[in-house]
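This document starts with one chain, in the form predicted on its own, laid out as structure tokens.
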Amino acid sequence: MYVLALNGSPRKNGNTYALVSLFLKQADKHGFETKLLNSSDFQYMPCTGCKTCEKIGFCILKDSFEQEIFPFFRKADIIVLSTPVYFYTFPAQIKILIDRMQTLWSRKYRLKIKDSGEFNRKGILLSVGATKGENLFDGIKLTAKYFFDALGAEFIDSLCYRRIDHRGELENHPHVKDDIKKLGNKIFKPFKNRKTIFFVCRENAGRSQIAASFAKNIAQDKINVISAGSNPAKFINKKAVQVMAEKGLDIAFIKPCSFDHVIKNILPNIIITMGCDQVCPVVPGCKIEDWNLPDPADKTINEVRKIRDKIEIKVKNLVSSL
């Protein structure tokens, strides 16, 4: 289970950073893996409004944004957007990231392929503003709503604090720690009450990713689904991406990950291997099942389609049995 936090403030170690840090501490206490991205470190180009992504599903800008940032969104169960208020909206650094979500919006609404993780993913807004204006956070909240929608996250809650300006003021707020604790209990506990399935293959680039996508789409938020590999590849199999898009499911931008890494952070109830002689550690009470599927790495696109269809049937049977 994974929490991605975005610190939208260009000022390092300020009140925005303090606020998101309190939330990440709660995530740690609940056993979630966490990642913090600081917008002050971004060097990405802004969206040019060319609409190329609406046609091909990828940004035409020749920077590393999609390869470096999108995999974090695809992995995340919870996304936290933490920001100060600049002229009733977001600072420029984080607004560049928000605008670059146009690619994901285009894939979802123009090309009609959805990220199956959206049934499980939640979005949280944390914000601080220096003034006490009644409408101080209205623009921030509206933008956050559509930001979360574009990347496939349900916007479920926000914590916003007025009259926070000088460094250190947030930590002295009389209610912030209790607010964060209550929010953490609300967000994290549902994830911990679900069964967890691992889909495992060697490179985590084809079969296990296809199975995980189908399982997330079918089970939605009833099961925690994770895929991993014993020797993960650098990139996901392009043919796997293509055949899943034919099913209306988007597995582009997912980064293969290590089985050894995920097993350190969460223990599964079921491990499904794909037929690649995986050696899994003994997990008390965990069922291990092998599906004995061919590796799609060197197969033709029609052969990959057949493997996809076999996986879909097996996933439907698995989910219905739980």
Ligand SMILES: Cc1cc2nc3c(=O)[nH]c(=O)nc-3n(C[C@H](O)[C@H](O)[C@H](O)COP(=O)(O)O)c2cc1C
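Sequential numbering from 1, following the sequence displayed. Nothing here was measured: the structure is a model prediction, and the numbers come from that model.
What comes next is about the form predicted in complex with the named molecule, which is not displayed.
**Student:** Judged by heavy atoms and a 4.5 Å cut-off, are Arg11, Tyr88 and Thr131 together in contact with the named molecule in the predicted bound form?
**Tutor:** Every residue of the candidate spot has a heavy atom within 4.5 Å of the named molecule in the predicted bound form.
**Student:** Using a 4.5 angstroms cut-off on non-hydrogen atoms, would Leu136 count as touching the named molecule in the predicted bound form?
**Tutor:** Output for Leu136 is yes: heavy atoms within 4.5 Å of the named molecule.
**Student:** Should Leu97 be counted as a contact of the named molecule in the predicted bound form, where contact means heavy atoms within 4.5 Å?
**Tutor:** Contact check for Leu97: no, nothing within 4.5 Å of the named molecule in the predicted bound form.
**Student:** With the partner left out here, check for me: in the predicted bound form, does some heavy atom of Gly184 sit within 4.5 Å of the named molecule?
**Tutor:** Output for Gly184 is no: heavy atoms all beyond 4.5 Å of the named molecule.
**Student:** Although the named molecule is absent from this view, report whether Pro84 comes within 4.5 Å of it in the predicted bound form, heavy atoms only.
**Tutor:** Within the cut-off, so yes.
**Student:** Going by heavy atom distances of 4.5 angstroms or less, which of Ile124, Ile226, Ala211, Ile164 would be at the interface with the named molecule in the predicted bound form?
**Tutor:** After the contact test, the surviving option is Ile164.
**Student:** Which single stretch, out of 72 to 80, 246 to 254, 113 to 121, 164 to 172, brings residue heavy atoms within 4.5 Å of the named molecule in the predicted bound form?
**Tutor:** Careful reading of the contacts points to 164 to 172.
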